[in-house]
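Next up is one chain by itself, shown in structure tokens, the form predicted on its own.
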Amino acid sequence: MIRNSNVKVDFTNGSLQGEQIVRKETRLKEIQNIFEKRVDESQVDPETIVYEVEYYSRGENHQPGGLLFGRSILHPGKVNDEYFMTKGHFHQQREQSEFYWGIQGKGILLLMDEDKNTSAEIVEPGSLHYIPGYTAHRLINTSDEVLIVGACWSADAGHDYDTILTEGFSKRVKNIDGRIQLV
């Protein structure tokens, strides 16, 4: 029997339609501790959606050999001199790698190995980023428009957010005197 796929990808914006799509959103109040300085609630509403994630799982979460495919949508904004960003994470299975690709907008992919060596790559439409194992990663939207990034990763990679929440990245991306800087 030949059948149609039950999931479609719109390659203009990476959106997924169909069965077994998982969608999550993260609000500023849930991640305000990732910013260096406290959120000034008179400047930014804590209910603001900072980023959204959607992925196609086929029910394979945590299954060895499976793959997950999705996108992150990171909204524009700043908290003091830092741009909106994702929590960032290592994989629980540290050796697992991942691919990101830029779909829309412009931003930074912040990378840090377990020895705290940190680098950054520009993410823009068409850019492809290989994230090796043993590497924490975080997306940062440095533009005034939505940053959309596609991703594909091992279903059993898992996410270790706690290490980043307690130890942080060794560098930050900031807007200093109107310029994007890694400090």
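Position 1 is the first residue in the sequence shown; the rest follow in order. What you see is a predicted model, and the numbers here were worked out from it, not measured in a lab.
The discussion below concerns the form predicted in complex with 5-phospho-D-arabinohydroxamic acid (PAN), not included here.
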The listed residue (Arg94, Lys78, Lys87, His75) that reaches within 4.5 Å of 5-phospho-D-arabinohydroxamic acid (PAN) in the model of the complex by any heavy atom is Lys87
Residues in which of 50-58, 140-148, 117-125, 36-44 have heavy atoms within 4.5 Å of 5-phospho-D-arabinohydroxamic acid (PAN) in the model of the complex?
50-58
Look up in the model of the complex whether Glu98 has a non-hydrogen atom within 4.5 angstroms of 5-phospho-D-arabinohydroxamic acid (PAN), and give yes or no.
yes
Residue-level question: is Arg23 within 4.5 Å of 5-phospho-D-arabinohydroxamic acid (PAN) in the model of the complex, judged on heavy atoms?
no
